[in-house]
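We give structure tokens for two forms of one protein chain below, kept apart as structure 1 and structure 2.
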Structure 1
């Protein structure tokens, strides 16, 4: 009985007691250690964490499997400590304003998702971009299941991307968080950012943040550019492909002083060889040439907390396509031969300026400024289309905390100006848009199982009116290595119906605007709500790291500008009258079965429907099912840093509905739905050293092609000519080779 009572006495302590570590976090000011209140302290790769109190003290549960303790605070260098037993820890954080240059060498993870961010963000590193023939931003998503890449038409060779079943105009595409691919650049702008210029890409599913504006509906793609202070002193990338495409990229970076660095980035590409493998008399790939030059300046004053970037860029891009015997000097404006030329000149200048208060490092400010002039002159057969777009953008941002770093705020002001001058066939469309807005975003993060961000912005727009844009993201982690997310938000935008749908000019269809007196082409602005839920779980499979993610997103349009091509002889633009939505489900599995080998599998289901004049139908050329697989492997590095890298990607696209009636489709040799399509891409890279590597690869190795992609190619000035029925590859297999040289 006595032993039994003793057991009952000690049992509660055995059950409820748990080992803990305690400690104090400080900062060094004038050689004195001052307690740091509100610092984040958590175990690496877990949701177990806490925040230091007013005296810099903390207490945290300890388990033997917890080995790495992370300590972070806004404006300070994040430190990771090794902990092998429960003990008292005293640690001093270093302000980022006093950091010397630090070099870290490690195997770079190609793609990653965070378990602790409220937003559903996929981070794509430069290592991922090197896995394929990544020649421009449009081609940077071939190894990524979250973005769909398709051809827009059978003429221009333009790649069109989709997210959550919606085309790129519904995605906010930014360069270093400054809106860049919009307006006149929407159709071809992704091909105007060379892949080697990109340092990393962040893909955000859902409505995004109010800080970046009100236009995002499906999500945001942000491209971070190479930094002159961090990029190689000299970088050269030469590329040649069997489809006649050649490219040369050169980076020249110079450190002018301790605070100033500059970089000159030069890109050129060309294709002068004609290909017509399917013998339909039309070029399978356009003839083209592009010169793209950027001068980038970086200023960093860590002592006083200032950082800045200034960019100057000039682009000249020319494309010629159409029939193989088309001569623009003699045949333009005639029916001798069908041809097209697209000539674009663009100049832009942008600047980003930031300040971190060395005395109060959690208070930061930033200013973003951008100007661009875009001039496109083009014709498609007998259809002329020109557009000139002048754009100004300004965004003033302030960050701080409330009480401690668990409560962060962002607030600021923004202003935009867009002037459009369009020639469509024979009619001019000119308009000016301008807006002024203010935004506020609150972020809460307890460094445990919950964090969220809630934002709202108010904008006054001369054509869209005065309106509010709310956005919300939440992350909850019910257990280790898990993240359950929900998001909701509203987006509003002007639809540039002609520049966003330039493929319609390469048809014999008539163009009709069925407007109601709205402010943009007689039409109303587009408004949509996006809702999303996501669950991510990390785990060990056979003692190797793995994770699985399930996403579901729905977009509901309050109003949409419907591009109706159901009548084979017309394209009708009108405001939505009825229901339009996009449902997207994605399951993704990532696994590292053995050292240096990564695999990624994904399945996507789309249900995208719109109400047309003829009734509610599935959106054309959007497959219900898509399957994706990617595998990559690299050997161990030699003493000189050399190794081999192998990568392969498989894509399966289910059947896609063609626009128009089944009766008409049968007369032109098409059924209501396309066949399914499967493609395989692969690349092998031989790294000789940290300075030199070569690569060879193949796209569409299985040589899958769409037969007769151009309807009415035998009579391009007839009533049935149409280049928009494209569901798969046109060119067939293509092989390439290239080299990369770096000098640090």
Structure 2
């Protein structure tokens, strides 16, 4: 309306200009164009305009600098036309009343795989994350067949993830593309990211991009956190489980100005109830408490093309586990009772600044900076383990094109610093690692059936030396709805042997490093090549959408730090001599058999072998066969936005090899292979409205448990004590309930 008023004042002054445009504005009723009188017609970002007359006609002054003509009328969709010459314009407006009737709400797919990207990326949306009201990042993969989730040991309650049959140290885990779970946080870091903070997850199988460094070997997991500008003003999630776990998540987001938004994310969880269902005198799950606070600042200036994030985060996590009658005040350091405490404090600051040239949209730049201080103090029985890790990360990125937008380039510089202060039993392992590197990646896209990216980076590292990291990805679509992909790449990393294998401290084994004078604990860096092929095909089955994916990945270690537990009284770390590889085949089928019902089936075959001092063997606790099924159904939404959601996941793990000799296994009552295990998880969510929902669920509903997860539990200070022979659930079935409340 304001514009209209201006128009009346301005119009008389414009009569001197010579060129005019004329036109007719109409509306379409029953396929007939009816003139529309009283519609506003004006040049974008000016006060030059007019109103159509009774016959829908208008006349307006034209100047070459006017480019966009806006046509609007209350109750109609506003249209903007490009006008480059003074000519006659005929335009039909669409009534918004009509638009409402044809509004199509597409249901967002919870997980999706792109047909277009060169890399094999699985995108997990927040809808998928809600399927299992899981509490932290480690548990959010339970409904996903590409990632395996296992317990790392029988006492710490820590879940360990695997990809392509390789444990998480071989996966680069980033938070908003900044490497976040590495070094000292490797073992427990996934439980330090609350599930509700995560907005979406991208899982890339195989060699990743050179942009994020040289460390990824099996793949990359990136978690995007909630953005203060997009997230709810207030969000509360309260959760309680029969296994004594309680959890509270609160998000508070405010828009401070046109450009600044901030969010405060508070997470607390605790478990104070003691359970020993299997009567082995050990707690089935640790007592724990965690406080996790994050403050995010988001800056967006779309006009000038600046975006930025600044995050501050503090974490305090405490776990106590061991025998039920263990009292840390009196029993620590004694053999009265076996107990363990793991206390972690962590402080993070990170910032991200991006620039998009508004004039030349392909020219973008960014800077990522991160600092973290990680401090873990812990003991496992009589074994002490402390680690402090100060880490700095900087990555400067520039994107542009060569000749045209089919040829994109990314280039940049990065620098890292890692200072470790580590106490293992009574020995100090302090060291500093730093590196500087440069990378260049070329992307080609023919805008049709072919695209590829080829990247290389060169890094100078004080302990890994000077080395090159090449990575290559290609996608080709020979026919409709298909994607054939190949990838290859190299990864290199320094193994943090103790922090990555903390479960070894909760055993009676002696620790030995059989070093060769290498730069990291006397050992050499790990180097591996990863190759992959995958084929994806979308099709219609009985007129409903379906897709199948087959992929095969092979990881070949040039050097690996072998964690050898084949001798039951020792853990030996040494450089690989001989072959070590992981072959992984996966077949996945997604189908939508009827409205609102999704199902996913996956079969996986693993062949992971390493050459130990005692010969080439299957990696322990890695099943050859795994089967996965997930089904989800939701009812139609009511007018208020309410509905019911049902979700169930079935997991089958084939038999797994135990480390150690057969004779030893016989004496402790285990055979060479574990039995196969199947578990079922399910959840029901009742959504009342967009603001409120409640959920109930069950984990391990069929109540499958490993009968004797702790070997030698009757004499924890004896020679056979070992908590690492874990192949299945320790805790029986467990039920939980919770609610989510949000205000926009």
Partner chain sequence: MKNVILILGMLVVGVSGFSQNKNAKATIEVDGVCGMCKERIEKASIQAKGVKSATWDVQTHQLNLIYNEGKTDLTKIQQSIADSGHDTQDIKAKDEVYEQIDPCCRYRDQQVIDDHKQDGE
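In this text the structure is predicted, and so the values were computed from the model without any measurement. What we label the rigid core is the largest C-alpha set whose atoms superpose within 1.5 Å from one form to the other. Residue numbers count along the first chain shown, from 1.
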Report task. Please state whether structure 1 or structure 2 is the form predicted in complex with the partner chain. Result -> 2
Report task. Using a superposition on the rigid core, decide whether the Cα position of residue 718 changes by 2 angstroms or more between structures 1 and 2. Result -> no
Query - Cα displacement of residue 686 between structures 1 and 2 reaching 2 Å, rigid core superposed - result: no
Report task. Could you tell me whether the Cα atom of residue 703 shifts by at least 2 Å between structures 1 and 2 after core superposition? Result -> no
Query - Rigid-core-fitted C-alpha displacement of residue 61 between structures 1 and 2 (angstrom) - result: 39.1
